[in-house]
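One chain comes next, on its own, written out as structure tokens in the form predicted alone.
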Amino acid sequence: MLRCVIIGYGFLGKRLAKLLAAGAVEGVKLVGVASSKGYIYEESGLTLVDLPDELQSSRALKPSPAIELIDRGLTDLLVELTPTNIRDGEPGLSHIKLALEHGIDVVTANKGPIALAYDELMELAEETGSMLLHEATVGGGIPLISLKNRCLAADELLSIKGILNGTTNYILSRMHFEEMTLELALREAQMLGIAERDPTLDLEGIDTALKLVILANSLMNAGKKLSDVKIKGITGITSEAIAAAKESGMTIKLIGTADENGLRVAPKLVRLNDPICVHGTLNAVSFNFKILRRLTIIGEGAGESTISALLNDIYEVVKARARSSRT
């Protein structure tokens, strides 16, 4: 039975904790959950009753740094879900590095550490024999990374192109179909909880760029950083530009591209019958392989669907550790 700790008790952390406490993945025992306020830990395993809506309301809360759970060897599997920090990846980067140094397996949805220090973290995982799985960092529950690495590993991936941000896709879709201005579509998205109060990372293309870096490094061994990406967001897109595209049977989408010419994010004209021309909060990614050629995958790119990717990565760790214990 693998002891699991979740660091980050927000939207994803709370939902994942409840599923694990209810036995969603056989072979995993949730022993701790943590936030910036402290942590609760139970060696025998946390139950649904033990999980509060807010950690600070729990009588069992220990107001100590979450990193204690790693440093004291109280877990076999860390699920790192702290907020993304694009400047230095902290505190998630330190959590992941310390866990890997201790030989603890890691599953994460935190884009910051993976985008900023992918090569370093994967080398550390290899050195210590631990696993670092990060399917949930890109595309919500869409299996982009595992699709290539497990199903198409023998084929060479030549390029990646797609819509990787649901917020901007929703805004551009509303502008196209309802003839809204960008400002009005953004306000609607914020009211619906699709856009953050500060939507800068989405609108300026930075979130898409982070995800593109992760995909390029994970699937193409690109060795790229965020600074290597040419980025242009959607803040300059006008209703007139959308209308002109519409008259030509096209629309405008924020597209991330990784190919032999490098990595770039920018609004692009896309034909309405193109497989990647999806609307609303959907994501769509086209892989171009040497043998298979074009393969497009579409799905919900954020929110609740991300739990699916986290659960699957946890399941992969359980399977791998069960195999190693038999050898």
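For every residue, the number given is its place in the sequence shown, counted from 1. Bear in mind the structure is a predicted one, so any value in this text is a computation, not a measurement.
FYI, the form predicted in complex with L-homoserine (HSE) isn't displayed, but the following is about it.
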**Message:** Based on heavy atom distances of 4.5 Å or less, which listed stretch (244-252, 214-222, 164-172, 145-153) is in contact with L-homoserine (HSE) in the predicted complex?
**Reply:** 164-172
**Asked** Looking at the partner-bound form in the predicted complex, is residue 105 within 4.5 Å of L-homoserine (HSE) by any heavy atom?
**Response** no
**Message:** Even though the partner isn't displayed, in the predicted complex is residue 76 close enough to L-homoserine (HSE), meaning a heavy atom within 4.5 Å?
**Reply:** no
**Prompt:** Does L-homoserine (HSE) get within 4.5 angstroms of any non-hydrogen atom of residue 302 in the predicted complex?
**Reply:** yes
**Prompt:** So in the predicted complex, does residue 176 come within 4.5 Å of L-homoserine (HSE), heavy atom to heavy atom?
**Reply:** no
**Fill in**
L-homoserine (HSE) in the predicted complex has a heavy atom of only one listed residue within 4.5 Å, and of 194, 133, 182, 125 that residue is 194
**Prompt:** Mind listing which residues of 238-271 have a heavy atom within 4.5 Å of L-homoserine (HSE) in the predicted complex?
**Reply:** none
